[in-house]
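Form predicted alone, single chain, as structure tokens, below.
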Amino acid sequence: MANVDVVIPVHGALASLRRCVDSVFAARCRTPFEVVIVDDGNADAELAQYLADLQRRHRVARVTQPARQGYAAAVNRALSLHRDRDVVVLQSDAEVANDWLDRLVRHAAAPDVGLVGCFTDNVGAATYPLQGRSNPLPAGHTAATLDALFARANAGCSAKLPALSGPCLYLRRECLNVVGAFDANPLGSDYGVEIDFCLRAGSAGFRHLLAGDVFVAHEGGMSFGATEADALAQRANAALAKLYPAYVAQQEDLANRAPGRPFARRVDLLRLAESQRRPLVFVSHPWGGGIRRYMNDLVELTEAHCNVLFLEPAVGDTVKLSWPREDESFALYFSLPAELSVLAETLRTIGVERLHFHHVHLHPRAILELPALLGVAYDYTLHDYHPICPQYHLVTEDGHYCGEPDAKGCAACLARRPAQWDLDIGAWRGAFGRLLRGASRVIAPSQDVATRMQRYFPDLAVEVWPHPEALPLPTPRITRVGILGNLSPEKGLQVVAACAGDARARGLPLSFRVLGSTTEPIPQAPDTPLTIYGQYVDSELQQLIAAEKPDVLLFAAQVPETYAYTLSVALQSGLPIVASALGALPERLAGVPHSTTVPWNAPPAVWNDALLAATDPTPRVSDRAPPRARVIV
């Protein structure tokens, strides 16, 4: 006899439902269960036939609601079907694997447990790899392989959470008997009913667990569209905050503590350790600039064969080990020197076989001991002169080349500007000399750096490797759009902003430059291709146009202009002009070559097309006709 009902509410999305049901029956679970599908007013004949076939083959119990009543009502119908069983509520676009149910049952063994949730990739209390994001499955992984990693990394581990949501929730019958059914009425929709149930159960003395050893894949988006989901989530959170005064504080506490993070980090470590890519570690400072660009270039060049981690200073004596990928959140922190051995053991667990030093600025001095403790080969790239000078760039206090004085001169400099580890110049160069001599390769980007370094370390072999750089791509011709004068909404401020946004969205070769100021802030570079010059003296506007060299001038007035002195300057420049077909502008542009008028309320795409056409070198019929303004309708 079944011990658990696996409840799947269904409304549409047949392909997702097939995948979900197939995964439930393919999983290797010892716990007896029965699949209960709630047909929530489906009108799809093919889906109805699929459900009928499942029921005929005695694979599922089917509950039918003639008209759609929603998620909460569908779940409640199933909860009342077998009042002696625990229940798993499984979204119809979820995918389970392995012995997923057995693990959930073990977490739910204690009598005070109300709900058990799990990790997922999309929409839930604990998402992976990135928390609170919709994630694709990591490359090379399926729902089954990722679930197996969670099972191994976090066997039997769980964390207490005040509320759970997600594609798979295990509800204990004792909790259901005390708390009752899902209730969508206080929230105004089905969105958040699981959280409301959890909070009610918490008030009744039940605790809820996040199973660190279960992962369920989730397609997401089958019940609500993205826009609708955002609106419903805001509404539900507002209602929950009113119903449960402690809810907001609980959410803030969860965000700060991130109780699921240790589980995710253990899975990260397993993925790195078992990856077919070789694990490497780059040691550097936490800043950007040329060093970070070089590191990023190396990551890109080696990504097919290597997983590159960054080891950077954090706060105080803490260093951060991270996986610098946008789709990964792996990060661990170690206090040096106290946790140097822990750091080394972590790198051994991952299987790191090589270090590459790029810089040690802001690192604790113990970082120099890492290669020997870890016992792996390492490289050292010289991005500046820090092994011979704690000022790194051989620079004086007033910003000039120091001329590399003798040790006495360096000591005088250090007396005024101490080294980061409080070493004199001899000890500094001694420490770095030992580190450099132990490297498999010391790499310099130019011969000058190699020669300069060998003056201080004559026995050091330095390999000169220019930084790798991709071949330059052909530079597209960019049409530079100038907007004259102080820009206000009536002068077309919002039109210009919308045109810049459209240019970015469509990848158009347009760049906007306001030759003046704006009365309101608008998005600028790097968010949109728009920059602002600022205030100017009227008498110098012609010179400013000559210096800025726009290709076309834009007048996007949203009210009827009576004259426009800036248009006079634009006409004197001889540049193409695109202007609103409103007020005095079309009158003044009549008969002017290379001028175009656009309806004042035209969408940004029309304005941008006109700007591009105005500077198109292809001969136009209007260029050969008698001079007159072109009108776009």
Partner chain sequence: MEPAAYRKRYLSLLPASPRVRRLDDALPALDERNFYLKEGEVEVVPLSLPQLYAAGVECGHTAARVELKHQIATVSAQLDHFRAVQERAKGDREHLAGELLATQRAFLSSQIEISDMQGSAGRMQMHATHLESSLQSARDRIHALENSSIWRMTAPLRNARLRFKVAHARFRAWQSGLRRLPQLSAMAVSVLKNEGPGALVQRVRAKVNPDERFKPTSLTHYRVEATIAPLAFTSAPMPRVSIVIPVYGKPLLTYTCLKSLHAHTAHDEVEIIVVDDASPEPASASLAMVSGVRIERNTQNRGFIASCNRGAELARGQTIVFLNNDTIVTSGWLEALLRVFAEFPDAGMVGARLFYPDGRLQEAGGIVWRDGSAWNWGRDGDPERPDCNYVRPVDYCSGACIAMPAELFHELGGFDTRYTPAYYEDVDLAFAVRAAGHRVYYQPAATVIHFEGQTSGTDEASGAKRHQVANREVFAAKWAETLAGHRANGVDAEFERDRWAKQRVLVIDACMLTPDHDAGSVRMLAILEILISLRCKVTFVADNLEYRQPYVAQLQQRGVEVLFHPYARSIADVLAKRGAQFDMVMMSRHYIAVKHLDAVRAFAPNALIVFDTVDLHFLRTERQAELEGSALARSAASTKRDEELSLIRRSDVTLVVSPFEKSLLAELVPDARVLVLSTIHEVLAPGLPFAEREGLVFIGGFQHPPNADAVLWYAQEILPYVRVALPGVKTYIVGSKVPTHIRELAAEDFIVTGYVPDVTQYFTGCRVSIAPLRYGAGVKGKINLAMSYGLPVVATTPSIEGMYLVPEQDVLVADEAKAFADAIVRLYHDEALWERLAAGGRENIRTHFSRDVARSAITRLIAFTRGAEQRVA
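Residue numbers count along the first chain shown, from 1. The term rigid core refers to the maximal set of C-alpha atoms that superpose within 1.5 Å between the two forms. For clarity, every value in this text was computed on a predicted model and none was experimentally measured.
Not on display, but discussed next: the form predicted in complex with the partner chain.
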Residues L81, L270 and R277 all lining the partner chain in the predicted complex, heavy atom within 4.5 Å = yes
message = Given the stretches 81-89, 207-215, 422-430, 554-562, which is the single one in contact with the partner chain in the predicted complex, using a heavy atom cutoff of 4.5 Å?
response = 81-89
request  = Taking 4.5 Å between heavy atoms as the contact cutoff, choose which of V315, A547, A139, A109 touches the partner chain in the predicted complex.
outcome  = V315
ask   = Looking at D102, D327, E463, E490, which is the one with a non-hydrogen atom within 4.5 Å of the partner chain in the predicted complex?
value = E463
Distance check, R152 to the partner chain in the predicted complex, heavy atom within 4.5 Å = yes
message = If we define contact as a non-hydrogen atom of the residue within 4.5 angstroms of the partner, is L301 a contact of the partner chain in the predicted complex?
response = yes
query = With a 4.5 Å heavy atom cut-off, would you call D190 a contact of the partner chain in the predicted complex?
reply = no
ask   = Heavy atom to heavy atom, is D538 within 4.5 Å of the partner chain in the predicted complex?
value = no
note = Taking the partner chain in the predicted complex and a 4.5 Å non-hydrogen atom cutoff, the residues of 470-489 making contact are A470
task = Note yes or no: does the Cα of N256 move by 2 Å or more between the shown form and the other one after the core is superposed?
result = yes
inquiry  = For a quick test of reading the superposition: does P523 move by 2 Å or more at the CA between the shown form and the other one, rigid core aligned?
reply    = yes
